[in-house]
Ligand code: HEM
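Shown below, as structure tokens, is a lone chain in the form predicted alone; questions about how it binds or moves come after it.
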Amino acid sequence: METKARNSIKRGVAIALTVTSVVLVLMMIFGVMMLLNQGNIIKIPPQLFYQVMTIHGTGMIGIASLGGSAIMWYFLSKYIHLNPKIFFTNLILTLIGVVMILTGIFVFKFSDGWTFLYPLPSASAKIYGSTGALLFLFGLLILGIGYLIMYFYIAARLIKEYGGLGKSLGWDYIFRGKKGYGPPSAVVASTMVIIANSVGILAGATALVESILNILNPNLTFDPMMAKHLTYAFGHIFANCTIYMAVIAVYEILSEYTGRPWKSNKAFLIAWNFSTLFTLMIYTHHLLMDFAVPEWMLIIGQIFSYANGLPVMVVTAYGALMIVFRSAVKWDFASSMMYLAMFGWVAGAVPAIIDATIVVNHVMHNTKWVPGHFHTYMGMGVIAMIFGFMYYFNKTEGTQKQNSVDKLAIAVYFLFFSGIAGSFLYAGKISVPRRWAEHLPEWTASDQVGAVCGILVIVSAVIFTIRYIMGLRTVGKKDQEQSLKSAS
């Protein structure tokens, strides 16, 4: 029975990673399309541009979350018993939600951006009809339901295994003086994600339901500022939790490759507990330009955005350096991507912290500086971890081996993703606005550089994806070989 459950978990993870890798490439293509248009290399209608912008933002975060959840589920199953049907339920609901969102955007012309800020969906419904807006909003709602089912199930399993979520966050070791090391890093990180992302999804669901009700009955109106708070609480928490799920791969893979366990000492546990709290609070740095927001909330947004960069990121980055230092680490695709992803995470956080400064935010927040920071920590952080885990999965569960093409693809990916991030940050420096389909001639050079770099990043991502899908043919062969050896 255990073998059957484990095989089901592997099958679910393999399917999720396949969907993730293919959709990631598609989202990258959409991103390059926008840069080519802004750089005046190609011309697409403004309506189509904003449709592409909507799916690029929504799709990239959503699919990164699917990849991150596959990582979390795979490693967490080593420590607690998990029912594979729950993961498949989330996967199916995710795919249903994605189809609804794609239909709403490309068939019924919904193009309000991932933020779906109330009352924009209602305004869109009046122009293009309510079908597109409702498909988009219900699609996101179904996505959220899938994740809540998975999170609540894992929470129940952790409570049964450890006696409470506080204990799986290490409170016994922090507050009660329990000696030794806390729960495995995968358990601690998963607990943090469950708490934070459940709150974020529920906030987003509230905003979604408000917009749906407003479309169905325009007489039902809501406070736009409250809706914006709920929306950005959801968006910021959900985006952050993609990396908190994916970083479990860093802990597990580097620990395995160096032969050194990543121990949950008190500093590690305190860091993750602080990050659980801070992640719920710091979405307010997206509202620093809103004069109607109470001043104390804006101050919290600035102070704790600074503080949030320290607990997990510093502990993890420092831990990655220390666990590798003077070790006999085996460098291959997986370990290289995990190590380089630490750089992407840290590098992406620096411009984010700068932007969270109120006086800077008033000048920079509506420029391409913000996608500059976001693409750095997503592309060279979260996505790098997912690609690295894809190789690790095929190597561990199968017999895939690295080749020279893999090494070249890694170098091209990180070199030219740095170019994309740099082009965005430079554009922000010269005050190029974000979310604009048309750019002035003096802005187009940065767009063109970003587009060229993006094309080469796509080439690398296609190589990663093809190599992963081909490697799936070897999954299970290692178990078969071991079974034959045992039988003989």
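This structure is a prediction, so every number in the text was calculated from the model and none was measured. Heads up: residue numbers just count along the shown sequence, starting at 1.
There is also a form predicted in complex with this ligand; it is not shown, and the following applies to it.
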query: Joint contact, 9, 68 and 391 to this ligand in the predicted bound form, by non-hydrogen atom at 4.5 Å; finding: no
query: Answer range among 364-372, 323-331, 346-354, 214-222 for contact with this ligand, defined in the predicted bound form as heavy atoms within 4.5 Å; finding: 364-372
query: In the predicted bound form, the residue from 410, 237, 378, 288 that sits within 4.5 Å of this ligand by heavy atoms; finding: 378
query: The unique member of 460, 38, 51, 446 whose heavy atoms fall within 4.5 Å of this ligand in the predicted bound form; finding: 38
query: In the predicted bound form, residue 425 touching this ligand (heavy atom, 4.5 Å); finding: no
query: Touches this ligand in the predicted bound form: residue 114 (any heavy atom, 4.5 Å); finding: yes
query: Partner proximity in the predicted bound form: residue 61 to this ligand, non-hydrogen atom cutoff 4.5 Å; finding: yes
query: 4.5 Å heavy atom contact, residue 417 and this ligand in the predicted bound form; finding: yes
query: In the predicted bound form: members of 425-439 within 4.5 Å of this ligand, any heavy atom; finding: 434, 435, 436
